[in-house]
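First, one chain by itself: the form predicted on its own, in structure tokens.
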């Protein structure tokens, strides 16, 4: 698979009179055509701000992308004008936001909102756009699409609204779909249906998906590769199997240990102590060090870099691993990334 999107050294900062807040601080990753990549981490780690930066939707006037590249083919999206980005958004890159009730316009019917996207990007006559809107609603599993198309968002359930958002996002067959917590606030049955729907749509039109979530259960169902973020930086990235079978970074290990195992013995979970640091109060050295049970002197003094091995398919940001060999810098050599 060829690269669809390449993010290089992305930095998004927020400015006020007193300080600079580094919400996204030097993020690098790529997404290949048709691939599903999960961006995971606790709330406040910079996941959503990374996606908004890709879309050039960083809240202003204080927020600003100060460095980096977001390459889609030969185009650097960060260099495009707002009018040029309007042609990209919804057409080549679509986004599903966390809460469909606040993302859908409450005074327009769901049909009008889908039709608007189709007519803007595809330049179709209204009659054809209406037909396509009904087909899209049928495709995402909404019954009685001919009737639902005239309903307002408040008349639909949370799962139905999320399906409408997916239909709208897929209306122009985008190359990349960014899904920001697409199953938040939905019950388990509806979550499974939404995940199945996204998987099927990706296979049918070969759309790549950037899945933003803190739910590792969702990740295991949908993603092929995982990027773990902490405090505005990537701390580990690898395939789904590598992450779940052999997590390297202490933060990744903590995330996995915090998930209950329904097939294991009943016992207490092992949550990560402490909280994600606020962007205004980042610790010196490794940003995870104050919460890490493996931290030693160097961790509090120097900031580790993201080490890549195995043809750049696996990377970790941690002083526990030797830069040359990929072996743990302790007596236990079980975990390696080489």
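Keep in mind the model is a prediction, meaning the values are calculated, not measured. Residue numbers count along the first chain shown, from 1.
There is also a form predicted together with a small molecule; it is not shown, and the following applies to it.
S.K.: Taking a heavy atom within 4.5 Å as contact, would all three of 222, 244 and 257 count as contacting the small molecule in the model of the complex?
M.R.: Negative, none of the three is within 4.5 Å.
S.K.: Select from the listed residues 37, 27, 54, 45 the one whose heavy atoms reach within 4.5 Å of the small molecule in the model of the complex.
M.R.: The option sitting close enough to the partner is 45.
S.K.: Do residue 92 and the small molecule come within 4.5 Å of each other in the model of the complex, heavy atoms counted?
M.R.: No.
S.K.: Using 4.5 Å between non-hydrogen atoms, is residue 116 touching the small molecule in the model of the complex?
M.R.: Looking in the model of the complex, residue contacts with the small molecule do not include residue 116, since no heavy atom lies within 4.5 Å.
S.K.: Hey, in the model of the complex, is residue 122 touching the small molecule, heavy atoms inside 4.5 Å?
M.R.: No, no contact at 4.5 Å.
S.K.: Answer for residue 75 alone: is it within 4.5 Å of the small molecule in the model of the complex, judged on heavy atom distances?
M.R.: Judged by the heavy-atom cut-off of 4.5 Å, residue 75 is well away from the small molecule in the model of the complex.
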